[in-house]
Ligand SMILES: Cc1cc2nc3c(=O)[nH]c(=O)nc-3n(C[C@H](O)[C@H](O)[C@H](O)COP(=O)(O)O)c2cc1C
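One chain comes next, on its own, written out as structure tokens in the form predicted alone.
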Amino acid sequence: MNDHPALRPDRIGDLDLANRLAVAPMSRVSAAADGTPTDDMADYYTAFADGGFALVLTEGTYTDTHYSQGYLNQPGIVTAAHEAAWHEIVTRVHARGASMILQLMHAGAISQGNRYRDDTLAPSAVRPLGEKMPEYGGHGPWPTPRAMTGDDIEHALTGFVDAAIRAQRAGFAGVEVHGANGYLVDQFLTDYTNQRYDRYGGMVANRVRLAAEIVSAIRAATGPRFVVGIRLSQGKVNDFTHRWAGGSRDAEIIFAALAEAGATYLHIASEGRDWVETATLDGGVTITGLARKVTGLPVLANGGMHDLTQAASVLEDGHADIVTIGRGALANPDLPRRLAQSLPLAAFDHEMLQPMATLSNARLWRAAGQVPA
């Protein structure tokens, strides 16, 4: 058997994991028009559990029927139908020995497909950089969002909490707050998109306040054993090169605030395959290594972890506890089994990013009754 460190068991809170390999959240825009997860989505997620992944993180799932939805055909967790459909998926994944965590997402200013609203909200009325993403049905420049009022902030926070309660009822082992990649929580955290002068703006200790309040409120509503993680990143889907202005000092403040709020783990996304370079902060420390040092919490690392030599170094050298894999998992839903048997990985094809390509694969897996070899 392969002795790769990713194959060793680990633990997140009260959650025992058979290995240290997790499926990263990947937007698939393949739910029904009303946000209800489908049978094909169930096959898609179940394939990763069949393939040996110990932990499956879902795609970003919208949290309210106002401003949170980011894409058309994005799944939600705001209705009884959503909850019931997710329950069926969770049941299948858990039956195959994997744990499942639902990622909760509010798109904020970079929403490009919301069936409930035509306008967008953000911490400040700042037009997002870049243009909408065509792979998710968007085109042209982002609109300028409306700056959120205190009531808007409270409504968004309540949406996260209500969604977490639904996720707990649906059987998820936990939730992950999407605080990364330029979506609403990250917009509050980012200096140039947050130009507020109230308790949510200004210095980084204020800009991280909404993220901490969401984590704390979910923790209070779901109890001490429910897993409450949060995903963070410096770069964004519309600004790949962004870095926190205060470097390591900003990172320490952010990580400490979220740990104090009651987070179970931190999931930190890097950029690109050369993880060591993109994840290194001033002073030579990696962002994930610093998160482990500051908080003592389990840390999940993302970014090119299908490079299994890199993944081994990240785990063995103490940079992270779990690695999350996106594109490599799309190409190899049985990656843990391949790794255990020292089998080569299938190459990633860009066409796999198209949602219907993945769902077509899910139909084939279902028809065959197995994960592809």
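Predicted model, so just to flag it, every value in this text is computed and none were measured. All residue numbers are counted from 1 along the displayed sequence.
One more form of this protein, predicted in complex with the ligand, exists but is not displayed; see below.
Only one of Asn194, Thr278, Gln112, Gln103 lies close to the ligand in the predicted bound form, with a heavy atom inside 4.5 Å, and it is Gln103. Of the heavy atoms in Leu15, none are within 4.5 Å of the ligand in the predicted bound form. Within this chain, Ile325 lines the site of the ligand in the predicted bound form, having a heavy atom no more than 4.5 Å away.
With a 4.5 Å cutoff on heavy atoms, Ser30 does not count as touching the ligand in the predicted bound form; it lies far away. Contact check for Tyr136: a non-hydrogen atom falls within 4.5 Å of the ligand in the predicted bound form.
This chain is displayed without the ligand, yet in the predicted bound form the stretch 177-185 from 92-100, 177-185, 214-222, 149-157 comes within 4.5 Å of it by heavy atoms. Not one of Thr63, Glu83 and Ala170 comes within 4.5 Å of the ligand in the predicted bound form, counting any heavy atom. Taking the ligand as it sits in the predicted bound form, the stretch 24-52 comes within 4.5 angstroms of it through a non-hydrogen atom at Ala24, Pro25, Met26, Ser27, Arg28.
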